[in-house]
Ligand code: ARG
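In the form predicted alone, a lone chain appears below as structure tokens.
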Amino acid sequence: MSKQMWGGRFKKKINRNFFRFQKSIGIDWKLAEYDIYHSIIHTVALQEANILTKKEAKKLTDGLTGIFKEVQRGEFKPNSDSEDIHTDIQNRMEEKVGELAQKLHTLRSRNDQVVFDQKWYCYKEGIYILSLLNVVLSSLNYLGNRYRDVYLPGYTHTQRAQIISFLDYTGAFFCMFERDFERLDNFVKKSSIYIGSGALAGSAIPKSAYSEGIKKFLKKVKPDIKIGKSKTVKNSLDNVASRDFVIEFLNILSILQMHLSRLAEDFILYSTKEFDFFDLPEEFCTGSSLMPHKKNPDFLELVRGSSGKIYGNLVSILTTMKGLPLTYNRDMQLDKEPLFSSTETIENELSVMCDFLKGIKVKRSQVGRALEDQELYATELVEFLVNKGVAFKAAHDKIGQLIRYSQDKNIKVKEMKNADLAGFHKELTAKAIKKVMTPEYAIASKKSLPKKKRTSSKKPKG
């Protein structure tokens, strides 16, 4: 058990089983980079408040910078005996600078540190997820344009409904992920990171000292992503008591996960032999240990299956926070594992999805056979009669009767003679039927949609 940052008022040592139960170093070590940010800002603030000399502040800052470089190089390994990341860095500093490290934690609380650290984490990971979403959007655009001349059966209630273009089909998912991008982008842009809450009531360090600490930190450390909105605390009680930003971040990721899952379900369905519209890239599929013919869409199934975890992580934090009295409570330590879990899952899914989308192939011949289903053109036949002056209800009834007749007589509408068609309406002729019952006519007849602009179908990088 490593040295702790508290304990002066206790006569008995902490129970070993309880210590193992309550420590968080196995999870919150991922916040090391941001905890060092906080410590550097705090060190400068202590100097500005004349609590540290310039020489002491430099020695502490140099020690912290050394640990920061370990983190950057991927060499940082937390001590598993430490209580948490704050304690671990404090103990490392004692090894580096000796007794001076005991001044590092002057007039601050881990309550202030942890919310600072987690906000930085959400901000930085949000930026990374935005970059991944950008590539997914590019990949969808590439896929849609690659098969922009292809038409598909569109579905409602999982029943064939009307003809749609493949570009509109991929465009639907594009719109979903575009909204996810906008939500996350807004979250990142409004992010503010506060410092100076103390345990709950604020700090004895002047606000001006913290402001100078933030300014000098950004100049000295030059973090790879500058949030630009690090501020002195607005309300210290709210700052240490709230995890709204974690909940909002996980809510955005949950909506994104929903869209990933819907895409996965569609592509799984359309790759089955029953549909056979899509050929999935085999490098993202697996086989069976028994059945040699199998090509299983495991990546998509794992994406779909991860939804329970992503949703559960959001609900777990909402449930944890719903009844907590002001201000900080140890319950809030349990927000990190769900946060890290959802973030890492989404990042892994998006990273694979970027390449997966580029490898999908549309089976034109199979799709073409599906487009021969005459019922897909029933709505266009109704619209044709409406354009000839027939009331919509009457047109709807007549075409419904025509489709039922073709089913009962086992004859395709396209193969019916003029005499048979005229029995339903005089405007229905073999020539008109052949014109209307085509994918090209069905798509062209939709006037409310914007005309599709041709964009590059060049395979995106990344």
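Remember, it's a predicted structure, so these values are computed and weren't measured experimentally. We number the residues from 1 along the sequence you see.
Only in words, not in the display: the form predicted in complex with the named molecule, which the text now covers.
- With the partner omitted here, the stretch from 421 to 429, 55 to 63, 36 to 44, 22 to 30 that lies within 4.5 Å of the named molecule by heavy atoms in the model of the complex is 22 to 30.
- Not one of Glu48, Lys215 and Thr232 is positioned with any heavy atom within 4.5 Å of the named molecule in the model of the complex.
- Lys336 is the sole member of Lys103, Arg92, Arg108, Lys336 with a non-hydrogen atom within 4.5 Å of the named molecule in the model of the complex.
- Between the named molecule and the residues Phe166, Tyr328, Tyr123, Tyr311, the one pair within 4.5 Å by heavy atoms in the model of the complex involves Tyr328.
- Using a 4.5 angstroms limit between non-hydrogen atoms, Glu349 is distant from the named molecule in the model of the complex.
- Interface membership of Asp84, defined by any non-hydrogen atom within 4.5 Å of the named molecule in the model of the complex, is confirmed.
- Remark: Val114 counts among the residues lining the named molecule in the model of the complex, judged by a heavy atom distance of 4.5 Å or less.
- For Met332, a non-hydrogen atom is located within 4.5 Å of the named molecule in the model of the complex, even though that partner is not displayed.
- Although the named molecule is not shown here, in the model of the complex the stretch 147 to 179 places no heavy atom of any residue within 4.5 Å of it.
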